[in-house]
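Single chain ahead, written as structure tokens, the form predicted alone.
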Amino acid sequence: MKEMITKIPQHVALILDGNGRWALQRDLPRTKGHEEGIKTLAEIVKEARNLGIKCLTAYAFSTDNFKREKYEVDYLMYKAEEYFLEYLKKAPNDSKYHLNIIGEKTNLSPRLIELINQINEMKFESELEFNLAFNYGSQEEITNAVKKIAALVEHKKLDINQIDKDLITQNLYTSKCPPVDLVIRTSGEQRLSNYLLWQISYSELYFTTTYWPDFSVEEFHKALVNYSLRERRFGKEHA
């Protein structure tokens, strides 16, 4: 399968869906699905780097996920803190990627905010930029970008005629990365769920019924083979 990948996307976005349903099918608590999903993400990040993908963005926790049961949210916050601490111990000397935490700080604990700030302040070169969308919503991201630009206009640091698509892109959380080439969503759902709405304007979309904990490296390769076979036109007509 891997040898059939003829085009490597520069930026892949993942919607990690199906952890809870994976667990419920096995009569396990939903938290067990998240635990297995974290292991899957580690494998996919590793393979993305091996394949030469430059940017990987993963939708780990949305702003709407705070509506879930408290025990599940508390578990996810705990695992996030654990993961961030582990990354800070390794980076940059023993890190395989450069991590960016993108999303809102609202509703997060002071400890989580402190860890996120420490990680996002780290600057070093890496073969893979890994954006973890945590407490993220695309509409909120675009709103924040508009506010930053409006403040520049208000303070006479920017003329309104200088506002263009590139300027908005530069003020998004993913400004270090090119536009998304491929969006992969697991679990059979076929919607975008307020994810990277600006960045995926011309992305290819790939949906699989596989739940995220079962999304293996082989499944990842299958998605990339599918991407390799597509003709990207960016609004142009067929040749």
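Small disclaimer: the values here were computed from a predicted structure and weren't measured. The first residue of the sequence shown is number 1, and the count goes up from there.
Below, we refer to the form predicted in complex with a small molecule, which is not included among the displayed structures.
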Looking at 169 to 177, 66 to 74, 45 to 53, 197 to 205, which one sits within 4.5 Å of the small molecule in the model of the complex if you count heavy atoms only?
66 to 74
Report whether the minimum heavy atom distance between A13 and the small molecule in the model of the complex is within 4.5 Å.
no
State yes or no: in the model of the complex, is some non-hydrogen atom of P9 no more than 4.5 angstroms from a non-hydrogen atom of the small molecule?
no
T210, heavy atom within 4.5 angstroms of the small molecule in the model of the complex:
no
Does R21 make contact with the small molecule in the model of the complex, using a 4.5 Å heavy atom cut-off?
yes
For the spot marked by E35, K79 and Y87, is every residue within 4.5 Å of the small molecule in the model of the complex through some heavy atom?
no
